[in-house]
Ligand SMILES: Nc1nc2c(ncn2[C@@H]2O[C@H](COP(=O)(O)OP(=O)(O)OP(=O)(O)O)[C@@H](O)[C@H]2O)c(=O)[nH]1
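In structure tokens, the next block holds one chain alone, the form predicted on its own.
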Amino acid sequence: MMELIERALAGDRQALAKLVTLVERGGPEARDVMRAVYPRSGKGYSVGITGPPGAGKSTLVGKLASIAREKGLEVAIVAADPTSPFSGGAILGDRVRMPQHYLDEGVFIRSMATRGSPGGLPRTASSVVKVFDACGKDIIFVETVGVGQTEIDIIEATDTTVVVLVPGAGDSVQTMKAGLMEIADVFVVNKADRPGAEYLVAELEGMLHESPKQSWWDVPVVATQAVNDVGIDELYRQIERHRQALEESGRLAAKRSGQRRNDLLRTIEYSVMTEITQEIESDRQMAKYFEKVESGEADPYTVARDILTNEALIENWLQRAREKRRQVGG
């Protein structure tokens, strides 16, 4: 394992791909990878690209990656793809999504299935970003799946959040205020050659004018035509400006601290839920609790209280968990 990690840290693309796969799968090997790479992360910069389906997010990411490469930067791209709720499968389009970068050794593209995550990103996306960061990627673009207002995981996984909208898509700014509209560090009106683009830009600027001002950053609205390379340089400049504002105000360090805290909470939550699920499958008493709820005999709130106040049950669960850790050496 350590040989694989060292190869990835030294720039071996094949080793990096294997590390990302291990992190996506989860389990003890993923934890070993993250323990090794986590201390080396923090030098790269991550940019989230989110917005409704059909907004041209992939095209924008590809164009932004081209500018980053012109600047001599090493680039990674994490692109989320929806998972079928029926088959569990996903179309992972890293080869077709951004063909202009596929043969570029300085760009590493990874498509990831959402696997049922409701926030627009796979659960492991934040960890994958840190793997890329630790392995020397200067800038990591993270494209969400494009599900709408609930897509707010991006603000916890990245440093700058770009919200992409298009004219005539039926998305009212007013109805989106409580969701995507409040997380943007930069707004983009893509496909700005379409009718209604000027109105959408004006509506966004009006909304921002009425919103409480931040002394350290005024959210810009950038009009682009990604397929025609229009406005991409300005968008990249605004991303750089936001990074500079974060650094000079001390907010980047504070945001990174919050991300590390969230990493800890998510890791604890996932570990606990995994062990509870295993207990349900192996412990008859735990299974009975769930059977009562499933049959309607009891409500989930009362049963949850009964489980959490059952000291003998919790002690047995903890004892088995400790035994499992001894068996795997950790």
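On a predicted model such as this, the values are computed, not experimentally measured, just so you know. Residue positions are given as counts along the sequence shown, with the first one as 1.
One more form of this protein should be noted, the form predicted together with the named molecule, which is absent from this view; the next part is about it.
The named molecule is not drawn, but in the predicted bound form it has no heavy atom within 4.5 Å of residue 77.
The closest non-hydrogen atom of residue 55 lies within 4.5 Å of the named molecule in the predicted bound form.
Contact check for residue 161: no non-hydrogen atom falls within 4.5 Å of the named molecule in the predicted bound form. In the predicted bound form, at least one heavy atom of residue 145 sits within 4.5 Å of a heavy atom of the named molecule. Interface residue among 137, 242, 191, 130 relative to the named molecule in the predicted bound form, by the heavy atom within 4.5 Å criterion: 191. Taking a 4.5 Å heavy atom cutoff to the named molecule in the predicted bound form, the contact residue among 222, 200, 107, 226 is 226. Segments offered: 291-299, 46-54, 27-35, 273-281. Contacting the named molecule in the predicted bound form at heavy atom distances within 4.5 Å is 46-54.
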